[in-house]
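Here's a solo chain for you in structure tokens, the form predicted on its own.
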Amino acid sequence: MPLHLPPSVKNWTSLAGAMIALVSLFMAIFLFVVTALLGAQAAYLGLVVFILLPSVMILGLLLIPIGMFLKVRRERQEGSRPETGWPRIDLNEPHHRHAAFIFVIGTAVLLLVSAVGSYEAFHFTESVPFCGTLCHTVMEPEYVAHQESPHARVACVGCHVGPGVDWYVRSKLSGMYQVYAVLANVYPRPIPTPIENLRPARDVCEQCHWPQKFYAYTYRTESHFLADEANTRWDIGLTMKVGAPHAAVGFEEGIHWHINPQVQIDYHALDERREEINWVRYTNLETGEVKIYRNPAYPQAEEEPGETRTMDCIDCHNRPSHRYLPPSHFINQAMARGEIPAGLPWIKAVAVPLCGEEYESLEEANAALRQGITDFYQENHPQLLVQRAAEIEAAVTGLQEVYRRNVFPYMRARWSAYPEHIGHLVFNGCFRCHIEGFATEAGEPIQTDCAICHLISSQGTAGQVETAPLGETLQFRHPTDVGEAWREVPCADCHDGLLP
């Protein structure tokens, strides 16, 4: 049976629209099948399949009625088509009947394809490749660091958006400016933190980390290599008081006491990074007792600038998934893993300063790291260039790899740009509050004893390791002879990430 369509359809605009829509539809279906069968995961492929091609298809469909309208209007202006008033639909006429069938069937197919496509588009925009690789240079630091983090299998939106339609809409609206900033090349380098208007940490973190079930003590070890000829390895074992001695006890002590539901800890930060804190307020929610500990380093003011916050997860865990380790740390880890030969003389002392220099690009950094190591051994130990050439090459490639995962020259993303509040070695972290001087008006100080957060269970070099009895702590012994200086100033005053 021949297909009869209204004469108004027979125009180049409508024909072009129909061809565009059909080609786009078949291309989208073909690429979707390819991605499903081959398991292809590419940000740009998803962008084409679920966003670009459907948009082109809808544009093509819109051209069909536009072309019909323009043809009818032109014929009326020329007098070849009489004025008929409102459109008349008569299914007894083949033209009307066929057009109606095509419209109904086409609409049903379009709705089905749109439903599948909309879901897939939503799923794609929620994926890690979309967030991390679509804008390669902008999000590369965050994406690489995320892949190295304990949250590598948690999607970006799991933390940055969380459940619920309202926060999803907010994130997409804010994303519109981010798209503009990338296209116009007006985005900041590095991306500033903390992120403003981010969803409250407890709404997100506590979907997985149940506060009432925090762990008790945990044990961790750290390996440090000294900047001497032998790269002497110095290990320290810490019993971390994450919670109480027994998990069943709850929040009576330990690091996570800060978010005890029976108390509220507020603080006032003078700077955007929340590094400079001038007072801390403790409130016992059961008894109503309130204590304010003030930092004598900052004078009191009637209207204090800055921000007052109620302490939550992110005030300590401010880099939960995007950590940029300092050179002293990522080189220690690489040497412990064997990526950089720990037996190569002086490699720790040479590598750390090289990674501390600022470079314009990763290519420039790679060349400088290779040249710096080669020059050092050429000038100081030329015999090693021949005798241990393989180890030197391994050290170069290993250093370049760990540098690539932690320092991003183009975006100026590095450890110094993102202070980390966990611990107190490279940044003040805990020492933002737990330092000498913070006290109430009555003279009651904030606790500063190291043992309230951790016990030193072991420390020392191979063959000279001290150990403490269970439940007790060792007196800290600095791996190099600095006298009593480590007692007198915060660790971060010396350990800036570049101290080998």
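So that there is no doubt, residue numbering starts at 1 and follows the sequence shown. As the structure is a prediction and not an experimental result, all values here were calculated from the model.
Here the subject shifts to the form predicted together with a small molecule, a form of this protein not shown in this document.
The chain is drawn here without the small molecule; in the predicted bound form, the stretch among 373-381, 72-80, 315-323, 390-398 whose residues come within 4.5 Å of it by any heavy atom is 315-323.
For a residue to qualify, one of its non-hydrogen atoms must sit within 4.5 Å of the small molecule in the predicted bound form; none of W346, C355 and F427 qualifies. The closest heavy atom approach of Y359 to the small molecule in the predicted bound form falls outside 4.5 Å. At the 4.5 Å threshold, heavy atoms of P65 stay clear of the small molecule in the predicted bound form, well away from it. Although the partner is absent here, W415 is not a contact residue: none of its heavy atoms lies within 4.5 angstroms of the small molecule in the predicted bound form. With a 4.5 Å cutoff on heavy atoms, I20 does not count as touching the small molecule in the predicted bound form; it lies far away. Just one of A368, I191, L270, V182 comes within 4.5 Å of the small molecule in the predicted bound form, counting any heavy atom, and that one is I191. The contact residue chosen from A336, I236, C135, A99 relative to the small molecule in the predicted bound form is I236, the criterion being a non-hydrogen atom within 4.5 angstroms.
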